[in-house]
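Take a look at this single chain in structure tokens; it is the form predicted on its own.
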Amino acid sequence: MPRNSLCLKIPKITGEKAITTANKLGVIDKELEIHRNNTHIYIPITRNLLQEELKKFKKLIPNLEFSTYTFKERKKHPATLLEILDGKLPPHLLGSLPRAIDFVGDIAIIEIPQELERYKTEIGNAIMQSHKNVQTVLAKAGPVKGKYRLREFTHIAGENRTETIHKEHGCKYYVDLTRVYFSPRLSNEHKRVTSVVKEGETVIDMFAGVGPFAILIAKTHKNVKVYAIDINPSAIAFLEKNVRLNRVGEKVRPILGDAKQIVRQQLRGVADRVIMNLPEKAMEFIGTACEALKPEGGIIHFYNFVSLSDSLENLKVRFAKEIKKFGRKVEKILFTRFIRETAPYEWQAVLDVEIR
């Protein structure tokens, strides 16, 4: 709602200097927006200036005027998690609040430290209060494990569900967090890999999940073919649904099965590019990636975990040795980096490698 307020009327040429000075004096009304036009800046203030303050202002800005003006109210940002929980949790526990929150669609996922377990409902409700689009809050209840890379969750606030629609780079994905693996922290990686794919390529995504690599590649490029493999029947069911949702059925072919068998039986020597996002086991599938590439070679996007005692250089050496076992060679390392921390002193890393 617009509101009348006492203000400082300043020639535009000295406006920024005036804002800085008014800020230092603590007289700006933070609930109202500063107004600018072609000639002047109007700064809403909470009180009249004291004599000493006025002298200081006039010294810097001789053309200062006092006036009244109708200002727009500032849009209020939701309070932070810390602000909401201040007073609801013992002060010594506020420092233990989770720093990282993952958002998958309208579901928030957090890790609750043991000392905050009894306050998990308050924390969940505070997350919903500070993030208005969140409808469900889940707490991690164990590590990612098993053949399908699944995790257990505890519902702590909002609607009791684990399925949602996640939006990323113009694509939509149906996801059920208890039935398929999905990490929103790989969003930039999905986009980066898509950006280096060339028109006319055939891509094999060996561990496709619900399709964040495969579908974005198909959506971005006019002339590509993506074979999207996953061993998890639920992942393939969601992938097929997402292919239809994003209208990329003519470019993405979902395939249920073990990548080793699928490549050997159906996809030998067809790929210009192979994506290997299974960091805990990718080294075991290097032979399959070599088999999938065209005889003349291609590109592998290889993901692996690197611990504090290890290094990217060591990973490159191990990768090259493994490639050599299958009659191929590393022509060039195109790109390397750490993507994200996955555990204390452990990171997920990527190598983009040209293979011949």
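One-based numbering along the sequence shown. Just so it is clear, the structure is predicted and the values come from calculations on it, not from any experiment.
The same protein also has a form predicted together with a small molecule, omitted here; what follows describes it.
Contact with the small molecule, judged by heavy atoms within 4.5 Å in the predicted complex, is confined among 257-265, 217-225, 169-177, 107-115 to 257-265. Although the partner is absent here, N242 lies well away from the small molecule in the predicted complex, with no heavy atom inside 4.5 Å. Not displayed here, the small molecule is kept clear of G124 by more than 4.5 Å at the level of heavy atoms in the predicted complex. Taking non-hydrogen atoms only, K132 never approaches the small molecule to within 4.5 angstroms in the predicted complex. Interface membership of R273, defined by any non-hydrogen atom within 4.5 Å of the small molecule in the predicted complex, is ruled out. When you look in the predicted complex, the only residue of V252, I229, V193, L138 with a non-hydrogen atom within 4.5 Å of the small molecule is I229.
The contact residue chosen from A237, V248, L89, L186 relative to the small molecule in the predicted complex is L186, the criterion being a non-hydrogen atom within 4.5 angstroms.
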